[in-house]
Ligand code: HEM
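Just the one chain here, laid out as structure tokens, in the form predicted alone.
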Amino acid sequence: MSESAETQAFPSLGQAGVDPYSIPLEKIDVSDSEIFETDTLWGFFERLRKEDPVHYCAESEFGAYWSVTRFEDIVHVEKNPEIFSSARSIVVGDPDPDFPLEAGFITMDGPRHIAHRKTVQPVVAPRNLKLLEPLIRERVCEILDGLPVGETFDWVDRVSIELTTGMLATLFDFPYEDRRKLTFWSDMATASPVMVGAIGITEEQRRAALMECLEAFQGLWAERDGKAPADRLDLVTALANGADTKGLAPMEYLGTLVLLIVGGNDTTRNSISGGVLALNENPKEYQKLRDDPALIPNMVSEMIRWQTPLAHMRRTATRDTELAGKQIKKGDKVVMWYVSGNRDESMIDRANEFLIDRKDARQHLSFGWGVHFCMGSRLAEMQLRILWEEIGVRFREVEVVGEPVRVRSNFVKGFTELPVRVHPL
């Protein structure tokens, strides 16, 4: 995925730190990545939900776009893929014509989308997850038992990334000793030139890293081509042997890989980090967890809602239509801000509070809705559940001891660092 088609990280447009109610309504641009990096986005979305829930932004780094900010309106868009298409792009920016990387089946509509999704769905189906659960627990235990008790360390690196990248290696049957390459490729896929330049990597090097990813996975494809799916249940084998995917062009294959890597990496890892931060910011909820570990499955759903690890998804109008009284024209960008819908108090009671015993906690938008609902949702929930079960039998507290460092992105809502200390029971 290109810089403009994935992370959407650009220099500040000047809204971070500004009172959201002091800006003319028509000038609000919630695609400004700095409001996400500085965690100052909430007032802007609150104002849009109240005053202009389907809001037109005429000028931004990505051109004009509509912001859909209320829960019910987002669900309406999701339920009508024939009007609001995924095919052009699933993020507010358009694809880079100089690097034609398609974003896999998430940018497909209709029967083709269904066929490609069905090809890989069995890898994360309930039957296979039941087989994977003991392995996940074993790895969680190994990670937690290796943490330096009483010393400060980075939770993102030592736990969030380590757990999710190991799971990715398993799902792809990728060499486990090279699993951190998957994290690197995921970061390169979701990074813009602005971001990679800040760490001394050029756009050319970013693209070269993605081509390295393609080369590595082409080798795995060649090894597994012709094997019956029953012989091996992994994503590469499924794609190489699926009737609808075995003819994928190289860049289509890379796009599908990026979709699966990012979907399995960024979302879960940022919910793991965001959950630790949420409990620290809400100590009464942390005490509820200590008093009643049976709340963990419900808490996991609340953590995923609260973090909303992918802030938005975009659709493109296929025809003139109306949404919440606004006239949408054919070809217009329509951006569903999940991060706003998940704080919509007209649909979620006390939406701006983190409550681990929340009723109907699974009613959230973090996994999308409708035909594009996240196929790995149950795997994400299972990893988080197992992690917190094992944390609870080892540590009284995972204490955040410094400021989190957030990703400069309006798409991946996450963390690059979270300094913590763990305290034993």
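When you see a residue number, it is the position in the sequence shown, counting from 1. No experiment lies behind these values; they were computed from the predicted model shown.
Below: the form predicted together with ligand HEM, not depicted.
- Although the partner is absent here, W66 sits far enough away that none of its heavy atoms falls within 4.5 Å of ligand HEM in the predicted bound form.
- Taking the partner from elsewhere, I28 is found to have every heavy atom lying beyond 4.5 Å of ligand HEM in the predicted bound form.
- With a 4.5 Å cutoff on heavy atoms, Y338 counts as touching ligand HEM in the predicted bound form.
- In the predicted bound form, at least one heavy atom of M375 sits within 4.5 Å of a heavy atom of ligand HEM.
- Listed residues G275, G255, G263, G93 were compared with ligand HEM in the predicted bound form; G263 is the one with a heavy atom within 4.5 Å.
- For the residues A240, V124, L182, V140, the 4.5 Å heavy atom test against ligand HEM in the predicted bound form is passed only by V124.
- Shown here without its partner, the chain carries L171, I304 and A380, all of which come within 4.5 Å of ligand HEM in the predicted bound form through at least one heavy atom.
- Contact with ligand HEM in the predicted bound form, defined as any heavy atom within 4.5 Å, is confined among 351 to 359, 277 to 285, 308 to 316, 216 to 224 to 308 to 316.
- For the partner-free chain shown, S366, F367, G368, W369, V371, H372, F373, C374 of 341 to 374 come within 4.5 angstroms of ligand HEM in the predicted bound form, judged by any non-hydrogen atom.
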